[in-house]
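Okay, so here's just one chain, in structure tokens, the form predicted on its own.
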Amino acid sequence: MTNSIYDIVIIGGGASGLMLAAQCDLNGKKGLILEGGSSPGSKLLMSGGGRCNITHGGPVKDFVYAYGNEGQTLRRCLYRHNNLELARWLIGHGIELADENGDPVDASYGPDGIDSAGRVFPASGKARDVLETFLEEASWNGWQIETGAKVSGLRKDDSWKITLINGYELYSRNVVAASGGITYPETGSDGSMLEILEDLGIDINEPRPALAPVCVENYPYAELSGVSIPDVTATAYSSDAACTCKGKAARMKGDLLFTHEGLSGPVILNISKYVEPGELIRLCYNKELHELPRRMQRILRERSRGLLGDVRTNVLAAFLQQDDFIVSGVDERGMVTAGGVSLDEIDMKTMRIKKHEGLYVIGEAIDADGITGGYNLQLCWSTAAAAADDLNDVI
């Protein structure tokens, strides 16, 4: 780092920050990425179980629904910089892509999306290949990266004054908050930047874990740990008056995974942001008893016994349709963060904060998150590309 003023400083060297740098050519101007951790892209390396589920296939019009109520607000950004653009960029930089079965992904399909209906990965199955590509392109574009550089303050004078936790100060004409949310704080995604933005008068919706396992009271299925049940419907009931769906916070369908401590699998991960301790989550297995694993059949029969030890068939039948649990907690180590900078604060064409000139926010720091399947890394790309379009014009 130098004492001279920078043209752009990106706060956060995770997926969205590196995606921005990979698309923003400094053309001789000064740009710096401040990464609070010891190395950039650590959470990206963890994505998809280390395989990097970079995006999802199918037409981009279907993506809007993957982000819940925020999808309509994100529509313009998602359409402008979609999954096909991301796939073509990666392939153009030497990263071949494959679906979850290992079959090649065709990125010549368009203009509406990728000719694959599922998750998309690098064909190598290695997240590091994707990370190294972003780092190489960022370096080629003229970006410097400073690790161990955690930001503790941000203030606007003639330019933006950025204070690091060690007391060092630097200045930049433009600042991009690409700092992530609150999950996996060891990667630098600890929510501290959201507090700094809130101090600037920016509306922050309370961050909370999303795509997280859920623990419930009186959990009966610990011995089924590792067992997965397909096509289960989960319904979350909430006391939040803002919730819609006739008193339901959300309803999802997908695979359910039992763990030693609670419920997981795609259907639970996707609904987790809608549940809170003390509220009810209902499972409908959408199956006859004989279609379930034998150990689960035994547990359900035991749970259905009356005072005299007889299996009450009406209770057993009810469990198949309405297996109700009270939520005791949501794992704080969710894959992503729900909440963050309110979308009302952001110009979704440029990702600028409306009330502060030269300040942008992208990626997981915004109040938008998707279901599991590559949608969250796609959102990092789409928001980073929108900011890069604007920054390429202004610097």
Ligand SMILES: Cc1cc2nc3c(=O)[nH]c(=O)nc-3n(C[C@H](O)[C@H](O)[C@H](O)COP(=O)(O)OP(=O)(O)OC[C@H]3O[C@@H](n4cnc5c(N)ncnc54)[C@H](O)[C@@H]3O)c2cc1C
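Quick note: we count residues from 1 along the sequence shown, nothing fancier. Being a predicted model, the structure only gives us computed values, none of them experimental.
What comes next is about the form predicted together with this ligand, which is not displayed.
Interface residue among Val64, Leu343, Leu26, Met335 relative to this ligand in the model of the complex, by the heavy atom within 4.5 Å criterion: Met335.
This chain is displayed alone, yet in the model of the complex one of Gly48, Gly57, Gly339, Gly31 has a heavy atom within 4.5 Å of this ligand; that residue is Gly48. Taking the partner from elsewhere, Cys380 is found to have a heavy atom lying within 4.5 Å of this ligand in the model of the complex. When this ligand is considered in the model of the complex, Asp367 lies well away from it, no heavy atom lying within 4.5 Å. Heavy atoms of Tyr274 never reach within 4.5 Å of this ligand in the model of the complex, leaving it off the interface. Using a 4.5 Å cutoff between non-hydrogen atoms, Phe134 does not count as a contact of this ligand in the model of the complex. The stretch that touches this ligand in the model of the complex, counting heavy atoms within 4.5 Å, is 173-181, out of 320-328, 255-263, 173-181, 218-226. Of all the residues from 186-202, those having a non-hydrogen atom no more than 4.5 Å from this ligand in the model of the complex are Thr187, Gly188, Ser189, Asp190, Ser192, Met193.
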